[in-house]
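The data below hold one chain only, encoded as structure tokens and taken in the form predicted alone.
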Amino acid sequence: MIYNKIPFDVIVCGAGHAGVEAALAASRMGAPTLLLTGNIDTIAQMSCNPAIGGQAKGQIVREIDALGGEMAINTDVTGIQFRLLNESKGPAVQSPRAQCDKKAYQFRLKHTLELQPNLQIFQATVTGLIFQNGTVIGCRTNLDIEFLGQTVVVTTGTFLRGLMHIGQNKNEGGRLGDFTSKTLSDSFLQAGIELRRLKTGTPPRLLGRSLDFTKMQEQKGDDHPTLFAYHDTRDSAGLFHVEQTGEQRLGWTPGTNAVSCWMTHTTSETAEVVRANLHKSAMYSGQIEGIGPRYCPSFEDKIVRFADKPRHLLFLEPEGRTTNEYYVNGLSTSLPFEVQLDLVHSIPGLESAQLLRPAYAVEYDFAPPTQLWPSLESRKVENLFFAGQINGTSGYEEAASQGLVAGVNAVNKVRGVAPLIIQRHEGYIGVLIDDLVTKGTNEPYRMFTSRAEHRLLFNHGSAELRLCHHARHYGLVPASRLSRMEEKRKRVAHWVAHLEKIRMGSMTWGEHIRRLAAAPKQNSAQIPKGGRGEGSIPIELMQESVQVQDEVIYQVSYAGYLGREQRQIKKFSDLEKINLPENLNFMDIRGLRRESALKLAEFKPATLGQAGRISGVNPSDISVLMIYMRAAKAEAKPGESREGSVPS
């Protein structure tokens, strides 16, 4: 049966971290939205690590918050430990990270979805898509119920033909104890969408009361936690308010009642256990076809690749306040269960550990993301959007950011509005999506600060300032918050300019702040976090919020470097403005190398700037394209508007 005669504006297939952000973004824009999931009880489940953030990932979460997403605030109110990574380094690479109560995170986000206007949730497994004239118009489910939608956002995670491995044991499923989606892959293949295989894994979970923490090193959180959401632009009174229905969402005051993590290490005995059983590993015995993450390898891969290392650090992370279950960060493996027991028991503090869940590897289908436009819409099927691990990424944060962008752009497609495209110089989300659709990936893609050429502009405190114009244009945040964001941006700009004019003795305040920032570490502590020492900044600036102070000091301290970045952006911005026609035949362009023409024809870049980032396309090729586009402009009729024109 067909459930709805009037199509939803947006149907989201999958309710993981990408799916929930897509559904919330679309419904908050006022679009009638349907969220389909195979199991409502696992909405937003943290399938692996019970943590949010980390290097570059923490900045992504703050960018999600700046664009009206939910991940940041959900993390803050269900977090059980907060740490600022790289605190001893410059603010540009400092990244917030938090341990969350896994179930509280999941339950609160499920409740948030249930309370969201314009959003309907339904439990059913999507078995296929419905196409009409090369366009998706809905989806089929295992309940023989069909749903019609003007756009469909696919966020299936690891569930597309998911296959779990524990040694030689195989079980179908996207994660342990859950189902797999078999026939949906066939639907994509029939539509001409290419699929490949990837692999990821997870470590064992241990019973806390069976661990000897006296043999481990305690790791406490920060005394003054760095949160993810921008609480200074929010109405704090609404954080734990009771809904009109009388319901109150789960959560607690951010940063309260923190718990500890624990650090231990592997031993020579651990390495010997792996070496003696390497042939039993699903990964090394040829059982797994998919390519695993290079930057988060399985433990047996660490032993093989880093044979000279006498030991590897492991982190015992609590899964929540109301459970005694611990996650062993760093011990992902696909070895047989009996070998996992020996492995765990060879580690200091884990000699008597009881395993609650075994480690396993899971391989799954993904669709190479070069088949997408920068809007995350499929190049092969109109109105079909992909987000999350189906695009080859790894991590909750990367998935959530794609989901938000896909949700926004699905609504924009329905309304005939230009898509939300975050540029590479605007944030890590822009780098992530541009890397995916331009370069593709052959392994699970993980964001690092080193991937962003303009990372000095991406300090985590500036996300609202960088992205508020997108939030305003697409109506992604409430008007009251947008007003506060705009006011903060104005206050920061005022003080950055003002400090370069007013003087402190023989120098300007700007010069004084840069001198303090460049001083040896023991002296530069005159500007402590959360408060300013006397004489470090003008008294008037100290009257501003800490968030404004932090951003002003950052911009003034790094003024020279940031200015250089802005000049580089301006230098290459013209290339991003030159649109290439969709039907451009690169093989017919004289002077263009055949190798480059083939690459360009395969990826079909939207702009000249994007063409220049395709592997194998060099600057001389871009020059040939510029000459071609200039000639095309000259041939256009007088007064005719031509897409892709090049400035003279």
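These numbers come from a predicted model, not from an experiment. Start at 1 with the first residue shown and count on from there.
One more form of this protein exists, namely the form predicted together with a small molecule; it is left out here, but the text below deals with it.
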Item to check | in the predicted bound form, residue 27 touching the small molecule (heavy atom, 4.5 Å) | outcome: no
Checklist entry - Is there a non-hydrogen atom of residue 42 within 4.5 angstroms of a non-hydrogen atom of the small molecule in the predicted bound form? => result yes
Item to check | residue 155 within 4.5 Å of the small molecule in the predicted bound form, heavy atoms | outcome: yes
Checklist entry - Heavy atom to heavy atom, is residue 389 within 4.5 Å of the small molecule in the predicted bound form? => result yes
Checklist entry - If you check in the predicted bound form, do 126, 179 and 200 all have a non-hydrogen atom within 4.5 Å of the small molecule? => result yes
Checklist entry - Which one of 362, 477, 432, 98 is close to the small molecule in the predicted bound form, taking close to mean a heavy atom within 4.5 Å? => result 362
Checklist entry - Exactly one of 31, 592, 36, 611 has a non-hydrogen atom within 4.5 Å of the small molecule in the predicted bound form; which residue is it? => result 36
Checklist entry - Heavy atoms within 4.5 Å of the small molecule in the predicted bound form: which of the stretches 200-208, 345-353, 214-222, 544-552 has them? => result 200-208
